[in-house]
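Only one chain is shown below, in structure tokens, and it's the form predicted on its own.
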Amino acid sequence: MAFKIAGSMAFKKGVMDCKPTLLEPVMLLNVVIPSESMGDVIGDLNSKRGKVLGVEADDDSQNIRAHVPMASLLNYAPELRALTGGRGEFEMEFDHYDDVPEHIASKIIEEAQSKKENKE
């Protein structure tokens, strides 16, 4: 029993000393839209903490590539449809993990702590 307690205490101290951070999945988003919707869609991606990597022009459409946190993309299909009048489409795939911004991480931690307290 003493080894279990010592191991538990060492683990807690080690975790606190290494300053853990929350990570979130970041998706590679490829959006194909009509040219007239370009400003609205790029503005929307920026509001979702997205980083536009590049824009390519095809005949009368634009192809936007961006990194966007997955949490911001959960309802993206209807939002894109509304921005483009139903003419936009997108594909996304996992790209990497990135640190959650501090102001969002503190909210997540507070919610988790309050849920833990409510269970006890």
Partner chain sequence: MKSYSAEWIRNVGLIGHGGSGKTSTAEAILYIAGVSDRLGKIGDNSSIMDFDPDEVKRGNSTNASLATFEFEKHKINLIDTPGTNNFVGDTVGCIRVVDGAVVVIGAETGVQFYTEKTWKWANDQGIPRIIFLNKMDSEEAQITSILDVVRKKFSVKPVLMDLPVGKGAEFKGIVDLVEQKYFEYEKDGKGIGKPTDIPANLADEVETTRMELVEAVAEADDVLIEHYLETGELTEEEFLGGLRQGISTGRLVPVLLGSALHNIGIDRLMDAMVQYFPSPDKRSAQLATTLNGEDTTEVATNVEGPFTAQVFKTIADPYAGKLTLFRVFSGKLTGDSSVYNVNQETSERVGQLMSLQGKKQIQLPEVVAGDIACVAKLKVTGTGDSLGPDAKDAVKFDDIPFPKAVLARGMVPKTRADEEKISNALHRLCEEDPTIKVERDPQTHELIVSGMGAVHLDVILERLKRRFGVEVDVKPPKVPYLETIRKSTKVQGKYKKQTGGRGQYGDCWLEIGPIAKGEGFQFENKIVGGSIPRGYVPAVEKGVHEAMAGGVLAHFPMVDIRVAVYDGSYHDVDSS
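Take the two forms, superpose them, and find the largest set of C-alpha atoms that agree within 1.5 Å; that set is the rigid core. Keep in mind that this is a model prediction, so the values were computed, not measured. Residue numbers count along the first chain shown, from 1.
One more form of this protein exists, namely the form predicted together with the partner chain; it is left out here, but the text below deals with it.
Proximity of K51 to the partner chain in the model of the complex falls outside the 4.5 Å heavy atom cutoff.
In the model of the complex, the partner chain sits within 4.5 Å of a heavy atom of E91. Shown alone here, S8 lies within 4.5 Å of the partner chain in the model of the complex, counting heavy atoms only. In the model of the complex, the partner chain sits within 4.5 Å of a heavy atom belonging to N75.
Highlighted residues M16, T21 and H96: every one comes within 4.5 Å of the partner chain in the model of the complex, counting any heavy atom.
Once both forms are fitted on their core, a CA shift of 2 Å or more is seen for M9 between this form and the one not shown.
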